[in-house]
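Encoded as structure tokens, the following chain is the form predicted on its own, with no partner shown.
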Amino acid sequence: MCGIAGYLSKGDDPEPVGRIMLDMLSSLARRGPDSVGMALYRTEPGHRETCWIRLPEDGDTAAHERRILTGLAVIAEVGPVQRHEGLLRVELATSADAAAIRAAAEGGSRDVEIVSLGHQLELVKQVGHPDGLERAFNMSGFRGSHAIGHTRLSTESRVDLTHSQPFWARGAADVATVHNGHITNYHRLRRLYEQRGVRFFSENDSEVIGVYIADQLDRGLTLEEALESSLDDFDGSFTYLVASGDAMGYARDPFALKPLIVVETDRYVAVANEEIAIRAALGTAGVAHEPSGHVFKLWRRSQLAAPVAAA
């Protein structure tokens, strides 16, 4: 099951993407009652780098927090810090390499997880219904350019924050993914990445998508090329969405086994695995269609007149 949704504005002014995503995810909640999350992107330039960190559940929370902030202060100037039920939201007044930030914050601990990192990305998720996400983070007030979101039905792994989506593409700032389906060669891909020193935090097969995307970008591929490569490198029945600071897109398995509906107007692009989610948030404008299998598409806000597509 699981619900996935995405929205990208074609305008320059910030839009209420938090409210739009909440409306879409609320309509998809029955597909995924276990957890909910969204990756939202702000439009204003020059925003501080934002890092969300999951603290260990056991031990002295204050001590863990001090160690993490001390480590980060070695490599960057630490700005405002907020606390959200086992999470730290840290703004960095000076930029640093993503790998250095991860090393400084995690400090070798297996129990500290960088949930997301980026100048534009704000990634929040938690166990439960979308209403709870709103109460905890007031996401309806977030204004920006685009977002992707997820409601999860757990089928093979635990119900907790770490196993929830979206997943940050660890190592690639501002890149996040959401997924509906099953990557059947997940275990083989995971072993290959672990042999190269990549650390996984969950047993959720969806986590490997972000790891794969980050690896392809690190190899010098564009996001479009990474999406295209994944069509052949992933096995199984899958539809996933990806977002970066400038773009949103999707990729589907060869048989289009997992649903995806796309509505594009002169104002926005909206995608979800049920049309009702799009209509609940945005009304009846635009014609809905379902893409074919073995296809990807990416919309870049800087190139909205000519979105890239391949089949």
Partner chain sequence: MADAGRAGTSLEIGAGAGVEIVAAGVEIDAAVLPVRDVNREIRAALAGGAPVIVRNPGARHSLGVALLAPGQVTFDGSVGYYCGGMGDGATVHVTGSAGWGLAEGILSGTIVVDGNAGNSAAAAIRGGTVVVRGDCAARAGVSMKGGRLLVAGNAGYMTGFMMQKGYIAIAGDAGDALADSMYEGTVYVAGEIASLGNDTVVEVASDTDQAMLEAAFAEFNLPPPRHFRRIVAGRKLWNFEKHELETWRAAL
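Numbering follows the first chain given and starts at 1. Just so it is clear, the structure is predicted and the values come from calculations on it, not from any experiment.
Omitted from view is the form predicted in complex with its partner chain, to which the following refers.
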- Please determine, with the chain shown alone, which of 36 to 44, 280 to 288, 241 to 249, 58 to 66 has non-hydrogen atoms within 4.5 Å of its partner chain in the predicted bound form. 280 to 288
- Kindly confirm or deny that 50, 78 and 80 each have some heavy atom within 4.5 angstroms of its partner chain in the predicted bound form. no
- Message: With the partner left out here, check for me: in the predicted bound form, does some heavy atom of residue 26 sit within 4.5 Å of its partner chain?
- Response: no
- Message: Whether residue 54 contacts its partner chain in the predicted bound form should be assessed with a 4.5 Å heavy atom distance threshold; does it?
- Response: no
- Query: Closest heavy atom of residue 292 to its partner chain in the predicted bound form, within 4.5 Å or not?
  - Reply: yes
- Message: Does any part of residue 264 reach within 4.5 Å of its partner chain in the predicted bound form? Heavy atoms only, please.
- Response: no
- Message: With its partner chain taken in the predicted bound form, which residues across 251 to 276 come within 4.5 angstroms through any non-hydrogen atom?
- Response: 252, 254, 255, 256, 257, 258, 259, 273, 274, 275, 276
